[in-house]
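A single chain comes next, written as structure tokens; it is the form predicted on its own.
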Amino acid sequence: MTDTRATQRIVTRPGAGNTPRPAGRRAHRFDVVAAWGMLTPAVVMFLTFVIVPALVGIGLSFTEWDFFRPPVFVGFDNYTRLVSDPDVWQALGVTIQYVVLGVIPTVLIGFMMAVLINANMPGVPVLRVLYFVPVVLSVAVSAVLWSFMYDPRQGPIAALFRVVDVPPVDFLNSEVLALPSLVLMMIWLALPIVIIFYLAGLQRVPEDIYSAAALDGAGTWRMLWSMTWPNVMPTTLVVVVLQIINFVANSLDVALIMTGGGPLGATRSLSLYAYEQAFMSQNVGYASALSIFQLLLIVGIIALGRVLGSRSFR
């Protein structure tokens, strides 16, 4: 936009009004074409891999389909079944546990690590390398790695327990410990993105408020919770919404690889239940209804976050 205006100023003669000459119009058309040229691949990808599958999923949720015979329209039967299915509410409870146990620690730990990294304290270069490691690993590789760590026979955690003469714990086969063990791995996987968001948010906090607080005798913790934390609240709202989506979506991959949804459904989220209905029971229509139900929950949470955020910053 700046280059276009500069071009128009150069080609406009005194007394000729503000009408750009053909050279200015050509430059403007070139900018528009260039912008559309750069946007088009992203728009096509978004339509192909997000919008079209979502519309197909909505359509399938009103059908009964087993991959082999043509879909049969059944109206709202899948949604009626969804409401009365006890496995849905158990999976919804597990999904809520993933979110509650995962999002709050991820946000707080990510914020504290970003503050430490931003402060350039001794050892920060090592911390920067360590926090960036999960970024280069896929969810599947991370899940296999953490499954080995939790192995009660050969894993490093079991080895540490043996050193202090404590019997090894079978984390992934414990009905109580399986879900927290998976959440711990997901927190480790999510922290790098959260730290990057908070590092960007910390750059926007004015330095002069710290100088004024120091003159008033405010300590480090006082500055952290009374000045830094409120100033990064917009970043926090974004991070919370993204991590809710992350813990809902990634619970499928992580639970499928590490526990298969067990033991006794203790780690089976809504995503995994929909996967089981689609690819194990061949109830594609019902699985689509489950996915739409989950999508509506996420959209509702995002809308609630926007409302709370708009009220907080009025």
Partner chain sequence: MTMRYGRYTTIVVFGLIIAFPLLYLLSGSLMSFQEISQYPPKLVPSELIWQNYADAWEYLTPRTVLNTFIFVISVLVLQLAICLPAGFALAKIPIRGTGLLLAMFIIPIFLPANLTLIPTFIVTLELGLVGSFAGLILPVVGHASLGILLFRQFFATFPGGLIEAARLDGAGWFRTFFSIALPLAKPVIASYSVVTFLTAWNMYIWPLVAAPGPDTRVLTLALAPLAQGDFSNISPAVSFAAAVVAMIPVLLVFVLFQRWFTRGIVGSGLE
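Positions refer to the first chain, counted from 1. Please read all numbers here as calculations on a predicted model, not as lab measurements. Between two forms, the rigid core is defined as the largest C-alpha subset superposing within 1.5 Å.
There is also a form predicted in complex with the partner chain; it is not shown, and the following applies to it.
J.: Decide if the three candidate residues 88, 233 and 304 all line the partner chain in the predicted complex, where lining means a heavy atom within 4.5 Å.
T.: Negative, none of the three is within 4.5 Å.
J.: If contact means any heavy atom within 4.5 Å, which of 175-183, 100-108, 77-85, 139-147 contacts the partner chain in the predicted complex?
T.: Going through the listed ranges, the match is 139-147.
J.: By the heavy atom within 4.5 Å rule, which residue out of 94, 227, 193, 240 makes contact with the partner chain in the predicted complex?
T.: None of the others qualify; the residue that does is 193.
J.: Is it the case that residue 119, even though its partner is missing from this view, gets within 4.5 Å of the partner chain in the predicted complex, heavy atoms only?
T.: Yes.
J.: Would you please decide whether residue 62 lies within 4.5 angstroms of the partner chain in the predicted complex, comparing each non-hydrogen atom pair?
T.: Answer no; every heavy atom of residue 62 is more than 4.5 Å from the partner chain in the predicted complex.
J.: Classify residue 132 as contacting or not contacting the partner chain in the predicted complex by the rule of any non-hydrogen atom within 4.5 angstroms, answering yes or no.
T.: Contact check for residue 132: yes, within 4.5 Å of the partner chain in the predicted complex.
J.: I'd like to check something about residue 154: if you look in the predicted complex, is any of its heavy atoms closer than or equal to 4.5 Å to a heavy atom of the partner chain?
T.: So residue 154 counts as contacting the partner chain.
J.: Using the arrangement in the predicted complex, list in sequence order the residues of 193-226 with any heavy atom within 4.5 angstroms of the partner chain.
T.: Heavy-atom contacts within 4.5 Å come from 193, 196, 197, 200, 204.
J.: For residue 166, does the CA position differ by 2 Å or more between this form and the one not shown when the superposition is done on the rigid core?
T.: Yes, shifts by 2 Å or more.
J.: Taking the rigid core as the reference frame, tell me whether residue 120 has a CA displacement of 2 angstroms or more between this form and the one not shown.
T.: For residue 120, whose C-alpha is compared between this form and the one not shown after core superposition, the shift is 2 Å or more.
J.: Residue 46: CA shift of at least 2 Å between this form and the one not shown after core fit?
T.: It does, since the residue 46 C-alpha is displaced 2 Å or more between this form and the one not shown after the core fit.
J.: Relative to what we see here, could you say if residue 109 and residue 164 have their Cα atoms closer or farther apart in the predicted complex, with a change of 3 Å or more?
T.: Compared with the shown chain, residue 109-residue 164 is closer in the predicted complex.
J.: Hey, the CA atoms of residue 182 and residue 127 end up closer or farther in the predicted complex than in the shown form, with the change being 3 Å or more?
T.: Note: Cα gap between residue 182 and residue 127 widens in the predicted complex.
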